[in-house]
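Starting off, we have a lone chain in the form predicted on its own, written out as structure tokens.
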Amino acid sequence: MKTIGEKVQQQLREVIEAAVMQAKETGDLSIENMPVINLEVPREKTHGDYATNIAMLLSKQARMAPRKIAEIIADHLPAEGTLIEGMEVAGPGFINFFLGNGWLYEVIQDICQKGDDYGSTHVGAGEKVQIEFVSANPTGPLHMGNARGAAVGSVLANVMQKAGYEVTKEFYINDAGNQIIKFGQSLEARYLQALGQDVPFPEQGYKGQDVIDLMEILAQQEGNSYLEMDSSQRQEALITYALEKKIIAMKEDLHGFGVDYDVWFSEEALHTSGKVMQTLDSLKKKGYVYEKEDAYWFKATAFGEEKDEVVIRSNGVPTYFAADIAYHYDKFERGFDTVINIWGADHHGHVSRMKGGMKAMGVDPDRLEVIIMQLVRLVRDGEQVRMSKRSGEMITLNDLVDEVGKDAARFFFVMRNTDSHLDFDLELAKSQSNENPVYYVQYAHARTHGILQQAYQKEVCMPAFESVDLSCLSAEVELDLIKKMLEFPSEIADAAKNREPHRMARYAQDLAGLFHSFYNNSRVLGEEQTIRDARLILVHAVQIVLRNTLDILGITAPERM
């Protein structure tokens, strides 16, 4: 079912096309083909409700200046029987349309009838999409880069689901490879130290306090029961124990941050199932893997890279890159149409290599999309914050949530494009002021609830649409509110199609700003009944759209502040 905005744009396109064809019939325009008619909402309100560049698209065919074509089209547009109240030819050939307000009131009714479902679109058409994000090594606590990825990934998943995609959220557990070997050595050293043995700590080991705490707890619970094992057996047993604890902790921390996954995929399982070697065998048969210097190499240069990549080391152990090719190919084997990875900036060079790996396996590399996130810098009073009181090494996700709360953390992480470096101002995130964007948005929702609650307490019932004259909503701020709510479905569609979850945070701020202006300049319960009832329905509609936006952002919609 089309949204109100889509219906209005369809009517405008039909009117424009009819005007062009009429101009062709009268001989005023000489054209062969009708291009797609583009409509956009002008940035400046003075430029109308919608604008089209159709005259520029027809210029080459018609062999005429775009502005002249625009004037001809405007002359053939019908004067009556449409939504158009006025039009103007602007700039090099844009046609700006000014619509009447009557159709806008249908938007309010549409919002109130659809409720939680308002904003949903079918632009995704059920496309199966997997979004993999965070995928941190289970060897330490989640840090700031993980936190931004968690917010961005979960909001992107939410907005794509709202836009009609079938989304699966996946966490790739890096429980194999060199980092796990080092992890086992670190665990063994800390376990023995917890039992009072004076053993050296591995030079490249994991020095975090969390590893010390984990082994001290184990030593208290199990005593010296692991001492009877030889070193390799002990490390393997400690890794199994620690990974289980770490993954449980990760799930709990992410859940507390509003992030829950559909799939937790083990890298180790990829190896034990034989999928890594199967993938490499397939690449060998295709001629993309060759042997040199006792190792096996992937012909990355065949896909535009400067050098080939080792996939099996001289000791016979597959590289991380080999496992990554197998993992990504497995994603497509599971039936996903599109795979989206959210990676940190340090993985930028890995993108083209992985796309090359997919192409070698016969997968269209465009089906693999990678969103690169820039770095986060925590700031307090203008100074960068480097140390964590809890871990002594880094600011963890839990540190941040403890200090500023889940809602502020999620909003701040997602309010900038992932291409942008992010300065996270801790004091601003905690402040209860209009300068704090998440407080500003949540306060707007609380104000809608406050008005509706006051009406309930005064026994003023929400009126039925049939009995309300919505045309009295004619003030500029009221019309701006309705137009902004009209944009919600298209904002969701655009955010989903362009993979831009930050658009939802910006939309929330824009809508909240308009509502605050309405709140400060317009009475609701103190007005006579006709205006009061219309404004009550308007406030109810704003509440629905704000709540739906906050739900996509994974943020609480408070009833009071």
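Every value quoted in this text rests on a predicted model; they were computed, and no experiment measured them. We call the rigid core the largest set of C-alpha positions that still match within 1.5 Å between the two forms. Note that residue numbering follows the sequence shown and begins at 1.
Keep in mind the form predicted together with the RNA is missing from the figure; the text below concerns it.
Contact with the RNA in the predicted bound form, defined as a heavy atom within 4.5 Å, holds for exactly one of H143, R416, K169, K331, namely R416. This chain appears without its partner; in the predicted bound form, the one residue of Y226, F336, Y439, Y165 with a heavy atom within 4.5 Å of the RNA is Y439.
Only one of 246-254, 184-192, 467-475, 92-100 places residue heavy atoms within 4.5 angstroms of the RNA in the predicted bound form, namely 92-100. Not displayed here, the RNA is kept clear of I531 by more than 4.5 Å at the level of heavy atoms in the predicted bound form. In the predicted bound form, G177 approaches the RNA with a heavy atom inside 4.5 Å. Residue contact with the RNA in the predicted bound form: S30 places no heavy atom within 4.5 Å of it.
When the RNA is considered in the predicted bound form, G362 lies well away from it, no heavy atom lying within 4.5 Å.
The candidate spot formed by D281, E459 and P489 is out of contact with the RNA in the predicted bound form: none of the three has a heavy atom within 4.5 Å. Shown here without the RNA, the chain has A345, D346, H347, H348, G349, H350 in 335-351 lying with a heavy atom within 4.5 Å of that partner in the predicted bound form. A displacement of 2 angstroms or greater separates the C-alpha positions of A55 between this form and the one not shown, with the rigid core held in common. Core-superposed comparison between this form and the one not shown: CA of A65 displaced by 2 Å or more. For G513, the Cα coordinates differ by under 2 angstroms between this form and the one not shown after the core has been superposed.
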